[in-house]
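A lone chain, given as structure tokens: the form predicted alone.
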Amino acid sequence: MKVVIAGFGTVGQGIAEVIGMRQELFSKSFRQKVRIVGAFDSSTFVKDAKGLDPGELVARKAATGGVGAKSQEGKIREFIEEYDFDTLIETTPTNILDAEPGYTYIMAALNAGKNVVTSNKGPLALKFRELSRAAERNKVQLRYEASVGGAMPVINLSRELLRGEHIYSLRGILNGTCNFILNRMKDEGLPFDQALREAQEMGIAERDPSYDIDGVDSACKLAILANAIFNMDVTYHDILRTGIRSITEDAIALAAEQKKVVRLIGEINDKRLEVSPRMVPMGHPLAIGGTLNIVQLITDLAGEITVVGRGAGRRETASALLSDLLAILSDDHAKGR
């Protein structure tokens, strides 16, 4: 399989490293290698039909700030459409305003008959149906396990291993930054601003934490889950969203008096499509601390299924991208390609 990596930040570098690490798995399981034949970031790109060395790509990015020496010069769409490769691994940053440039890259690949594996929430949260229909129309795969929950395998679990189940509802914690802040407020009695600063100093929260603390990140993920698992036709804008900026020490203390904790919960059922702070009983799975993500699926046959995992990180997100690459390789292998 020949792949191109779009975006070479933390996640792009992570999947490049993992591809290098897993060549023996590819060879043993599918009798082929996965070759990185191109990669680009916001300002440079590099290509080699014979294959690029993952370690050299990562080292060059660290040393120069760019994955390649050439400027994109606005020609990436044409490059995606015309270059000879099988799968685009799309890892550009989430843009919830207009989903660009990820949407253009993904759509160009799908319309060119190429599979797409992505970690990018923006295009899926805003234009899920358009992208899914493009994949179906062009008979290629669009896979996005890494867009929700990092290493937590909730989408593929629901759509593949649980496809015989009727899933009534879903609820969970979809943002580790908010979980860390709320947990620190409870454990140490910290005010919100101080807990946020601590998260920023530790690298858990961004300098501009709005996507996390205002519930934007969680709402994006909930929209993707609603479409992927419940076959809805919704966007990020359809999610009722309340963040955690207004949570006070008094609210945390009041919850503690009732033997409860405050958590930012996303929920999907026949009456609710919402992200909001909720009080959760201590000891309940959704009372989990730290930066972990958790999702509970309520099904008709298996009952309640709980999945926990790290929602972000270089290797964690790469593991989800790898699972989607392996699924495509397995499908091609079964079809004798």
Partner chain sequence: MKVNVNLRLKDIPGQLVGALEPISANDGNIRGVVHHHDDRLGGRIAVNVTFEVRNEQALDRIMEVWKKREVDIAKIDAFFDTYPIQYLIVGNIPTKELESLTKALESMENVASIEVRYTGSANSSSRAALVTGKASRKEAITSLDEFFKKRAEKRDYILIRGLDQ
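Please read these numbers as outputs of a predicted model, since none were measured by experiment. Numbering follows the first chain given and starts at 1.
What comes next is about the form predicted in complex with its partner chain, which is not displayed.
Only one segment in the set 77 to 85, 134 to 142, 231 to 239, 260 to 268 has any non-hydrogen atom within 4.5 angstroms of its partner chain in the model of the complex, and it is 260 to 268.
Proximity of 254, 274 and 280 to its partner chain in the model of the complex is complete: all three residues have a non-hydrogen atom within 4.5 angstroms. Contact check for residue 201: every heavy atom lies farther than 4.5 Å from its partner chain in the model of the complex. Within 4.5 Å of some heavy atom of its partner chain in the model of the complex lies at least one heavy atom of residue 284. For the chain shown alone, residue 171 is a contact residue for its partner chain in the model of the complex, at least one non-hydrogen atom being within 4.5 angstroms. At the 4.5 Å threshold, heavy atoms of residue 187 stay clear of its partner chain in the model of the complex, well away from it. Only one of 193, 100, 250, 208 comes within 4.5 Å of its partner chain in the model of the complex through a heavy atom, and that residue is 250.
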